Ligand SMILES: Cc1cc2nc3c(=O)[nH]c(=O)nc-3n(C[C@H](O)[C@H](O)[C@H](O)COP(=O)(O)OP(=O)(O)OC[C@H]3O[C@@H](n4cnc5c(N)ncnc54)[C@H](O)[C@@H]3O)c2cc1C
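A lone chain, given as structure tokens: the form predicted on its own.
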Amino acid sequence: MSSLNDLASNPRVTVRDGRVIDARGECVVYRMRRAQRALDNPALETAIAVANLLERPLVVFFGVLRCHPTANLRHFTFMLEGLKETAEQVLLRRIGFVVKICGGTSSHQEFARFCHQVHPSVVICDEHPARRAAQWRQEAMLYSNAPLWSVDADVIVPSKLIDKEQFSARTIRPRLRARLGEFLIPVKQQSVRVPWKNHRAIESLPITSELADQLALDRSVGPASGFHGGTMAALTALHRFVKDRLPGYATNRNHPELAATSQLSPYLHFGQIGPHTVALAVRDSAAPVEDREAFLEQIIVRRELAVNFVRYNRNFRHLAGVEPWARATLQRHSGDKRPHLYSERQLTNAETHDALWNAAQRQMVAAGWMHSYMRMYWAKKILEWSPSGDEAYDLCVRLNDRYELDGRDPNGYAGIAWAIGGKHDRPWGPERPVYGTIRYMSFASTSRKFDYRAYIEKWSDS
């Protein structure tokens, strides 16, 4: 990019207000939130390009919420492990990195205070698909002397180019594929021209495990021992997947007992690895074509369909966000007798008659991760065992966001919407009790597809 106008017109960039850049500002600020990485980060690279054009230093701000409304010790442990590594890598690039604990459930006040200390010319942040226009307007006013730019660092094809909610993978797939030649390329890493000197002696908290002790966290959900946060751990997991499990992925990916998936979703959710890194590693691997294509369908088409859902559908956390046909069929069957009704406590504790479902729930609670095939079965059975579709949907969201390391993610919300509300799917016959024409999954049909006994045994004592 040769000018600020070129940068501002990049499809990945959105200029959030019309203010002119203040060339008298002292730095460029990147407010890091979702893209918590120094590698393959279009938001960071855009911030570097702006700083270089303005001949200003760059500083990254990260606000840690003292009272997060939904996250817990599991999520914060994983996030802080990655954030420590990210800060070290950013500092090596002569960029500042400032971490602050922010009171309440928002980092806005602390960020505004920080901007008044450093006087930025431009503020850049990474996109959040769930953030609405009113929220962006509020954020644009936090520091009124500098314009706010947001950069879509979470997807391969910038999500604003898919300018409305898509009905299914069938409708979004050609739109994405048409742009892959333009966007499925490595994110170029740049050097800063003016190093950050911190001449105002801005204090930053050290990123250690003790930082979590200063936060008002829900500690009833402990760290997930099978995952360690950070870009290096994510790259190691990616390398292991491409070498050992990508060959055969097209056939084995729905076999939970084989753990044949990449298990990269926690790293993607926290932005510790970027989708470009993952997709390019798979595309350029020596694995069979059918296996590469099967995985690229998931990491590009299905993942970006989920982002599209959250970006354009205000009700993505609730049953109201699914298609009218699905709401209608669930309403018609709302009075059907349920074969079993379980309380939230019973479901949380895996106290059902279904050993396969119990194993999936135990995996989620103990490991912070559940195989995607079992997630479908898990959610559909909650629909079957709940008084209504609305209650089932809300319960799935609560359990998913509480226990999964990749909870609170577009993929999770789209998966729940698909399982309970037929989102991105179609009506299926014959019409059944409770489900209506929502796609049905039974123990018999699910267990036939893999060695369910091995899966149940593995998670029977967790």
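All values reported here derive from a predicted model rather than from experimental measurement. One-based numbering along the sequence shown.
Note that the form predicted in complex with the ligand isn't included here; everything after this is about it.
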Looking at 88-96, 365-373, 107-115, 309-317, which one sits within 4.5 Å of the ligand in the model of the complex if you count heavy atoms only?
365-373
Classify Ile416 as contacting or not contacting the ligand in the model of the complex by the rule of any non-hydrogen atom within 4.5 angstroms, answering yes or no.
yes
My question is simply whether Ser150 lines the interface with the ligand in the model of the complex - judged by any non-hydrogen atom within 4.5 Å.
no
Taking heavy atoms only, is Phe78 within 4.5 angstroms of the ligand in the model of the complex?
no
Would you please decide whether Gly63 lies within 4.5 angstroms of the ligand in the model of the complex, comparing each non-hydrogen atom pair?
no
Identify which of Leu264, Ala250, Val157, Leu83 has a heavy atom within 4.5 Å of the ligand in the model of the complex; exactly one of them does.
Leu264
Please identify the residue among Ile299, Val187, Met232, Ile101 with any heavy atom within 4.5 Å of the ligand in the model of the complex.
Ile299
So, a 4.5 angstroms cut-off on heavy atom distances: do all three of Val13, Val59 and His119 pass it with respect to the ligand in the model of the complex?
no
